[in-house]
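The chain below stands alone and is given in structure tokens; this is the form predicted alone.
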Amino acid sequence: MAKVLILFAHPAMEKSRVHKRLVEHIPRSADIRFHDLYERYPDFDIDVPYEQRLLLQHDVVIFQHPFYWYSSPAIIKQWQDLVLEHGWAYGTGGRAIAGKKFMHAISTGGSKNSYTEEGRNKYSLADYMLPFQQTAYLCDVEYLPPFVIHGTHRLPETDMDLHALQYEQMLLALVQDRISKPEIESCIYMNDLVPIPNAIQS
């Protein structure tokens, strides 16, 4: 069994359709902790010792947020800058979170095809996630493929529900250690491990 920490960051949750559903489908489990960064730190004054203690208590850390301007909402960067301290998370003597796992659960307005060399965004989503991947590497943390919902502006309500169920199942699989390393290495997105049949998508 693994302990999962969801670090949630949405600066305009009242406007969210996708993340509201994802949050509603987070399984009620003692092994999954939901932590809303904007709710706890509306002034961005992050309690570093508390956040570090949370990291130590969990095996998998999921950064759940909308993909804003090819990155995360600002509070995620603030959290990284302050919590992942030199000498604690990385650098000389910095081995506190070595061996843990990081990943993202994100939504994008752009379609999957738009994140290609020929698409509007010109680069793959994996390219845009490189700073997060490198941060994990420096901390000796395994960086898992992201869970991604594309095309959210035009996504029908029924498909959002399907993605929320997909997220729920992925979280349960992470908690129960049901995803093998070869399976992780074989997928681009974690969604690929919990596929939604085309026949039931809009």
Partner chain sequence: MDNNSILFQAMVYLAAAVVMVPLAKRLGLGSVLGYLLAGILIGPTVLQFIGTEGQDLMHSAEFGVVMMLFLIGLELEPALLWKLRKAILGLGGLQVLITSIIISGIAYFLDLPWQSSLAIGMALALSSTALVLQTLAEKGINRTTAGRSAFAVLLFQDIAVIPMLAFFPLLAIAGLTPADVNVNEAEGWIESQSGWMRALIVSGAIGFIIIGGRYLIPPIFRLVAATQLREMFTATALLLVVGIAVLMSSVGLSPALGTFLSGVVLANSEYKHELESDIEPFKGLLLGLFFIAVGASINFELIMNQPLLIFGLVLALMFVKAVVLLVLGKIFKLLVDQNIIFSSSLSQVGEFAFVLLSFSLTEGIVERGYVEILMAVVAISMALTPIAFFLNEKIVLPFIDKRLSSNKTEKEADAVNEKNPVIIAGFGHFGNTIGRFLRAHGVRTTVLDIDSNRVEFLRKMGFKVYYGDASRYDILLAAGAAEAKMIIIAVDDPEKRLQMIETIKKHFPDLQMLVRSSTREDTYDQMNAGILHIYRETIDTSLRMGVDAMKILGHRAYTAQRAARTFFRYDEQKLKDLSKLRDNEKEYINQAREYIEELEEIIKADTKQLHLVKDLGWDEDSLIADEKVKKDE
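Predicted, not measured: the structure shown is a model, and the values here were computed from it. Positions refer to the first chain, counted from 1.
Quick note: we don't show the form predicted together with its partner chain, though the next part is all about it.
Worksheet entry | Answer range among 100-108, 115-123, 78-86, 128-136 for contact with its partner chain, defined in the model of the complex as heavy atoms within 4.5 Å | Selected stretch: 78-86.
Item to complete: Quick one: from D177, E39, D161, D45, grab the residue that has a heavy atom within 4.5 Å of its partner chain in the model of the complex.
Response: So the residue touching its partner chain in the model of the complex, by this definition, is D45.
Discussion item. For a quick check, can you give me the residues of 136-153 that have a heavy atom within 4.5 Å of its partner chain in the model of the complex?
Written reply: Heavy-atom contacts within 4.5 Å come from no residue here.
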